[in-house]
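As structure tokens, one chain now follows by itself in the form predicted alone.
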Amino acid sequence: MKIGFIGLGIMGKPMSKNLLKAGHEVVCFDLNKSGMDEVAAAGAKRAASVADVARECSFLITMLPNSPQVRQVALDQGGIADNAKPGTLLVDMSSIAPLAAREIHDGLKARGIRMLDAPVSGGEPKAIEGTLSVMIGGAQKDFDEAKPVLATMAASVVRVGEIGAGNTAKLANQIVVAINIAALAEAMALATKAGVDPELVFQAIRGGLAGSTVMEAKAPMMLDRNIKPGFKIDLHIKDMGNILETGHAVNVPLPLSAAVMEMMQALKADDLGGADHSALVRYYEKIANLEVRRG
């Protein structure tokens, strides 16, 4: 299948490469030339613009930073709505606000273009492995059409409801991830300050009820003081903003999410916005005057 892929950042690059490995033809575009160069070197065809991708492909994937960028690519002059053929299917795999997904869907529908909102979880490592989790909102028939393609990039592809439901599920995911990382950081800080090797604490608790995928991924990074981003603090701040906005819109208080958002904002103020979200441990290091590391 010929697939148009727009957005070749930290996630989009490995995702598009996995499409190529699965035998699909990929037509790619990104404003960042280095992203284009890397994916083209793997066998993708370069496009000169969003419009060129939309004209050439009837199956489109977008992987963009946030709601404004998806809205621009989809609906602004020279974008998908202006150039895609009626019947084209857009699978937006960005993490955006659910309301924005519905608005973009409605704008495209007026032009005869179909859309799924299909955000992902797993970060760069699982994007590289092709084992992402994809949460999808949209029509069942569109999901059925897209699922075999998405399965080449993911271990789990689940439709959770109509348009916007995918991003609602992603916001729920990001709440659990953020609070788990913060709890892990707090636990590592406590162990360190109490004079107990945090690595041994990790080994002791990982097999019990406290154990989780988040712990397995992030505890080693904390212990190694590795803040190379698999998922940046800045991006999680974006998600937390969407979480709090959505919570306010539907009258759900989210006090734990609000607390972790402020911790992330403090890290951003310390120039750690580009660090991995496991750098939440640095927040505790600063306020408790300690350093978490392997014994």
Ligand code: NAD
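Everything quoted here is computed from the prediction, not taken from an experiment. Start at 1 and count along the sequence shown; that's the residue number.
Below, we refer to the form predicted together with the ligand, which is not included among the displayed structures.
**Q** Taking 4.5 Å between heavy atoms as the contact cutoff, choose which of 41, 256, 31, 252 touches the ligand in the predicted complex.
**A** By the 4.5 Å heavy-atom cutoff, the listed residue in contact is 31.
**Q** Give me the residue from 243, 264, 47, 64 that has a heavy atom within 4.5 Å of the ligand in the predicted complex.
**A** Looking at the other structure, the residue within range turns out to be 64.
**Q** Would you confirm whether the three residues 12, 123 and 170 all fall within 4.5 Å of the ligand in the predicted complex, going by non-hydrogen atoms?
**A** Verified in the predicted complex; spot residues all in contact, yes.
**Q** Pick from 123-131, 108-116, 192-200, 78-86: which stretch has non-hydrogen atoms within 4.5 Å of the ligand in the predicted complex?
**A** Looking at the other structure, the answer is 123-131.
**Q** How about residue 235: is it within 4.5 Å of the ligand in the predicted complex, going by heavy atoms?
**A** Residue 235 belongs to the contact set for the ligand.
**Q** Does at least one non-hydrogen atom of residue 72 fall within 4.5 angstroms of the ligand in the predicted complex?
**A** Flag for residue 72 set to yes.
**Q** With heavy atoms only and a cut-off of 4.5 Å, decide whether residue 4 touches the ligand in the predicted complex.
**A** Although the ligand is absent here, residue 4 would stay clear of it in the predicted complex, with no heavy atoms inside 4.5 Å.
**Q** Does residue 230 reach the ligand in the predicted complex, with heavy atoms at most 4.5 Å apart?
**A** So residue 230 counts as contacting the ligand.
**Q** Using a 4.5 Å cut-off on any heavy atom, which residues of 89-115 would contact the ligand in the predicted complex?
**A** Contacts from 89-115: 94, 95.
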